[in-house]
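This document opens with one chain alone, in structure tokens, the form predicted on its own.
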Amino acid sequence: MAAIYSLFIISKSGGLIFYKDYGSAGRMDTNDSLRLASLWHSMHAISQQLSPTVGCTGIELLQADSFDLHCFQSLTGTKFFVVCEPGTQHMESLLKVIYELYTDYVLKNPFYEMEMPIRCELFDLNLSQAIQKDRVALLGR
């Protein structure tokens, strides 16, 4: 069973710009993934406003019985979140690796337009390698 179910990247305005399914049991269609991304963007924004602590950046981890949702928000407001098996460790470091891949292969691509869906072969290739490397590391623990 895969430790990582899916990966979402949401633009600062709340639009889904990247979605990748890694073999989760209940695959989502395009509309469901768009709804989930929009819902997460809204929940993240509301949590920042309702937090009793000053300087809260939003929800970083949502734990449920059947999955964990880890979120990383960049300084520009782009959100990266991974849905994974409950109790999966070191997702924060994987999200930072994914963010580095995003900056290296997407943002530096002269043909990429901000806020548009990500269509970059080098990003896809390196992302697949990073996810595979993470899975191998998880099996070795």
Partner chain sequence: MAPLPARSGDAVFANIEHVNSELFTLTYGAIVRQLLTDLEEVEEVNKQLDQMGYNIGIRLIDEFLAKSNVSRCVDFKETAEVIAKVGFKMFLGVSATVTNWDTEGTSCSLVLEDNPLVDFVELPDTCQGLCYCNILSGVIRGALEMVSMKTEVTWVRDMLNGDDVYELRVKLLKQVLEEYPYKDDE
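The structure displayed is predicted, hence computed values, not measured ones. Positions refer to the first chain, counted from 1.
One more form of this protein should be noted, the form predicted together with its partner chain, which is absent from this view; the next part is about it.
Proximity of E113 to its partner chain in the predicted complex: non-hydrogen atoms within 4.5 Å are present. Among residues of the shown chain, K12 is one whose heavy atoms approach its partner chain to within 4.5 Å in the predicted complex. The closest heavy atom approach of S66 to its partner chain in the predicted complex falls outside 4.5 Å. Its partner chain in the predicted complex comes within 4.5 Å of no heavy atom belonging to N31. Site annotation in the predicted complex: the residue of K96, H90, R35, R27 reaching within 4.5 Å of its partner chain with a heavy atom is K96.
For the marked spot (R119, D124 and N126), a heavy atom within 4.5 Å of its partner chain in the predicted complex is absent from each of the three residues. Residues of 33-71 that come within 4.5 Å of its partner chain in the predicted complex, judged by any heavy atom, are H41, A45, Q48, Q49, T57 in sequence order.
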